[in-house]
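Take a look at this single chain in structure tokens; it is the form predicted on its own.
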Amino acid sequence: MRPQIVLFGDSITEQSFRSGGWGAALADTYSRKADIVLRGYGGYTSRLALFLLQYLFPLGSTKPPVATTVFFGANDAALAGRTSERQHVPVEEYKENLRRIVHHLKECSSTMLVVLVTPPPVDEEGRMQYAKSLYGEKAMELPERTNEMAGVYARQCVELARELGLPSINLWSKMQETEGWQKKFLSDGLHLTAEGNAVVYQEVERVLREAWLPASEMPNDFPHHSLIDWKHPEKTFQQQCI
């Protein structure tokens, strides 16, 4: 009955239904208009995402999502030779993986709105503080991620969206427009604060609205209570099904 909007990504997506999360805010905006479906996988990269496609977005589905956000890169950009090396995906492969994801989604539905979201910026000092809180003196002196490298991956994401004619959200650039973004938007140098979640929500909602999915113009799945014939409610619902 309701169309589905899928949020596909890593931990920043997985955590988006927490209190103050950007996914929860979208679910509220699209209440009774569309189902916001969470498909976030903490620690996953674009390489691992490829293994999920056939299960999450099966070809031949009679009701594919009307829109999907693709939000990977924060883990791909982990540096080789550092503590998160196992997550590192070379940037050329990252871009190709995103291309393959988009190709599969469009094969599911040629009309599906696919939105590419770049990784956010990285607060390297915040990442170091977080590592020390976990490992103490055993924490590496060099950060496992850098903001510069996150920007390299962000640019490839935006470039691919341009090549494919898709909308994109450049979080890496957007967040850095605000002074003090490091602590304002990031809780541990990488994941989002409530304010960071608000930025993602505003950008995703804007893209959906400017495309063809504005919540304000989408019908409710059933009549508002003020429109129900309370003496003969069956009449209202019979008309709804015609």
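Please read these numbers as outputs of a predicted model, since none were measured by experiment. Residue indices: 1-based, along the sequence shown.
Just so it is clear, the following notes concern the form predicted in complex with another copy of the chain, a form of the same protein that is not shown.
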Exercise for the section: Please run the contact check for Glu217 against another copy of the chain in the predicted complex: heavy atoms, 4.5 angstroms, yes or no? Expected result: no
Practice task
Mark Tyr41 yes when one of its heavy atoms lies within 4.5 Å of a heavy atom of another copy of the chain in the predicted complex, and no otherwise.
Solution key: yes
Handout entry: Any non-hydrogen atom of Arg206 within 4.5 angstroms of another copy of the chain in the predicted complex
Key = no
Problem - Partner proximity in the predicted complex: Ser31 to another copy of the chain, non-hydrogen atom cutoff 4.5 Å - result: yes
Exercise for the section: Could you tell me which stretch in 171 to 179, 197 to 205, 53 to 61, 184 to 192 has residues with non-hydrogen atoms within 4.5 Å of another copy of the chain in the predicted complex? Expected result: 53 to 61
Practice task
Check each residue of 64 to 101 against another copy of the chain in the predicted complex and list those with a heavy atom within 4.5 Å, in sequence order.
Solution key: Arg86, Gln87
